[in-house]
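Take a look at this one chain, the form predicted on its own, written out in structure tokens.
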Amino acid sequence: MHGLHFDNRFHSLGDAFYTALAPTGFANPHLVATNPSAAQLLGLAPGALESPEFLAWASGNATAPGSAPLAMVYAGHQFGGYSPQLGDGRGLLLGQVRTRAGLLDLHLKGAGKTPYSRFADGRAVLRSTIREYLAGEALHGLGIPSTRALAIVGSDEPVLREQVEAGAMLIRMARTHIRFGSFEYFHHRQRPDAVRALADHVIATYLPDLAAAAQPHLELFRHAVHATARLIAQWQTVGFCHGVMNTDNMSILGETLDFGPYGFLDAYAPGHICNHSDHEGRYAYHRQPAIGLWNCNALAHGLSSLIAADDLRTVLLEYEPLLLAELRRRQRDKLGLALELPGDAALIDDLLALLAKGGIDYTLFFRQLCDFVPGAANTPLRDLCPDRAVFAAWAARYSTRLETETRDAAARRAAMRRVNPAHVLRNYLAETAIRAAVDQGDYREIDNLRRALAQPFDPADEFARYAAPPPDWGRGIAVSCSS
């Protein structure tokens, strides 16, 4: 693939960290979707994604000059239980590309069996690749760190999940695919030398400023803990549910990684479980902050051969106050509160309780809150609330609070519109694109959504339809780990 400048630093760690392996290509592949904005990050020329050369590479039928495909090995805590060996069971790290923003991994998902596939087929299906492709763009558009996708390639190859589906591949981009579970793998195998090598690699490659610290490995852990806390605060603020927060799905750099049964809240429900396979509700929306800390604790064990226990505990204690401060700051922004005053937390919490009790649409309510007028009836907001008396009481308190702000109303509303999206990737929107693609071979809605998700705060008129709450058929769509 011409135009890509590979710098495969992970490959230099040695074969204890991966298995070198070529992808198993598709026969009769075809392009389903391409992402021009992602291609621009790689420095690819316009139209490069439409070339036969790219299709051959993205379908596993060719190897780009300079790439070095490999399957990474890692472990992880899955739903709280430790799995000693996982690894890339259906994907390959094609290589690392130098860009103006630094190194970017290119990862081919659905590339066939690897030594870590266990009893699986190493493939992905069109349905799940569409969901991941759109999810990365949705979070990126919202300003949340995330992997992104360059393209989807479809095929005629049948793949068995709950039923036979069409196989597909997705080229994913990330700063790194090194996970919490990468460190766990070597720690629990009593390989402190490999833990150190991996930690040194992350510092040298991604966080070089930490090398000069008195304790670089401690600062690496602090960076991971802080990045995780900030990431989850961002998820909570936009109503995003990851669904499978296993430690093998947690990036060491704090990017959202591995989309499966994710979802954005429709009606606000703190206990919402987006993953149909999560029977105990371990990864429910309101539990995500605590699970983030649980996962950081697992990472602490993985790094315990490098960092003293007391130092690890000190950093872990920084997680909760940082997450709470970040969450409160973002919640105040959603309410247009530039100042931080006593009583703000109660005002926010009482609003969330109102939304939960009434089953009120989370995204729609906050977007309409941007047009709130102190002392007025605020009829569009009021009509979203089943209990109008409770809303009126809260609105009176909010009106009083806004009087203490120094910004004028126009500036406040503009600031609120920059943090309260008009639309998010609701499950019914993704499902609409999936049905058109899978049932009819019509891929236009995938691209429509990609473009809409790039502008969630100030959408073009053509995307106004995406702000609608779900229709009856789109409520409570079941999404499982196979998704």
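Source: prediction; values computed, not measured. Start at 1 and count along the sequence shown; that's the residue number.
There is also a form predicted together with ligand AMP; it is not shown, and the following applies to it.
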* One stretch from 206-214, 82-90, 321-329, 189-197 that, in the model of the complex, holds residues within 4.5 Å of ligand AMP by heavy atom -> 82-90
* To do: With ligand AMP left out of view, choose which of 101, 120, 164, 346 has a non-hydrogen atom within 4.5 angstroms of it in the model of the complex.
  => 120
* Asked: Which of these residues, 249, 155, 237, 128, gets a heavy atom within 4.5 Å of ligand AMP in the model of the complex?
  -> 249
* To do: Tell me, yes or no, whether residue 78 is in contact with ligand AMP in the model of the complex, where a contact means a heavy atom of each within 4.5 Å.
  => yes
* To do: Consider residue 74 of the chain shown here, and say whether it contacts ligand AMP in the model of the complex, taking contact as heavy atoms within 4.5 Å.
  => yes
* 4.5 Å heavy atom contact, residue 105 to ligand AMP in the model of the complex -> no
* Answer for residue 258 alone: is it within 4.5 Å of ligand AMP in the model of the complex, judged on heavy atom distances? => yes
